[in-house]
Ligand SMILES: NC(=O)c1ccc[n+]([C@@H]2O[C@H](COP(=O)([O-])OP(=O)(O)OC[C@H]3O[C@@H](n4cnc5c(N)ncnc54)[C@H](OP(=O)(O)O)[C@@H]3O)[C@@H](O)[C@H]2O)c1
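Coming up is one lone chain in structure tokens, specifically the form predicted alone.
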């Protein structure tokens, strides 16, 4: 897919990996809508940066714990841009909780934001693309833990197991018009609340003995959007951590 004049919706596009993806898509000529929950200031900065590159951009506030916000979000993006070609499901939370400390509130928040919201956004996106009679792409940001679950971050990990399964199911359901793929990042950015020291220490344990950068995720996204013959794929960008 050539990205010039296409419209992309990047959830969580105000910060972290979502921000890098949103800016990169604009550099390739796409108009970009981003979502934010409480990061209004960073969202405005991303919109300004994209607009300065000559592409259209807009930020939409959405609470991903509310399913009702998903259909409204797609309607608002369509009203602003006219159509949608790309959906990047990047927004997620990552909160600790072992098997014996995970609470129902922790469980429900993770499943609502990390799995339920992306599914219903994908549903609304799929209906739009199929009704329009065009082609589209969905890229889900998963996690290598979705294939190799551990004992920590239980609710988070199980949502990523779900994202991997959702990617495969939607790839079948939305073909041939829409390609659906996922990316499993590894050690790219420090988790919220962590520092660079923990990243350096962890990186030494990886097969490639270093951490990655958001640019590595951007390259993976652009590859999946460029391909016309890849769907249902989980692309590891982990430096070998998933091994």
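Computed from a predicted model, the values in this text were never measured in an experiment. Positions refer to the first chain, counted from 1.
The next section is about a form of this same protein that is not shown, the form predicted together with this ligand.
The listed set 53, 65, 198, 28 contains one residue whose heavy atoms approach this ligand in the predicted bound form to within 4.5 Å, identified as 65. Only one of 142, 170, 139, 77 lies close to this ligand in the predicted bound form, with a heavy atom inside 4.5 Å, and it is 142. Within 4.5 Å of some heavy atom of this ligand in the predicted bound form lies at least one heavy atom of residue 93. Heavy atoms of residue 15 reach within 4.5 Å of this ligand in the predicted bound form, making it an interface residue. Shown alone here, residue 125 lies farther than 4.5 Å from this ligand in the predicted bound form, counting heavy atoms only.
Though the partner is left out of this view, residue 113 does reach within 4.5 Å of this ligand in the predicted bound form, counting heavy atoms only. Looking at 147 to 155, 127 to 135, 84 to 92, 98 to 106, the stretch with residues near this ligand in the predicted bound form, meaning non-hydrogen atoms within 4.5 angstroms, turns out to be 84 to 92.
Residues are counted as partner-facing when one of their heavy atoms sits within 4.5 Å of this ligand in the predicted bound form; in 25 to 39 these are 36, 37, 38, 39, in sequence order. Between residue 173 and residue 67, the Cα spacing is larger in the predicted bound form than in the shown form, differing by no less than 3 Å.
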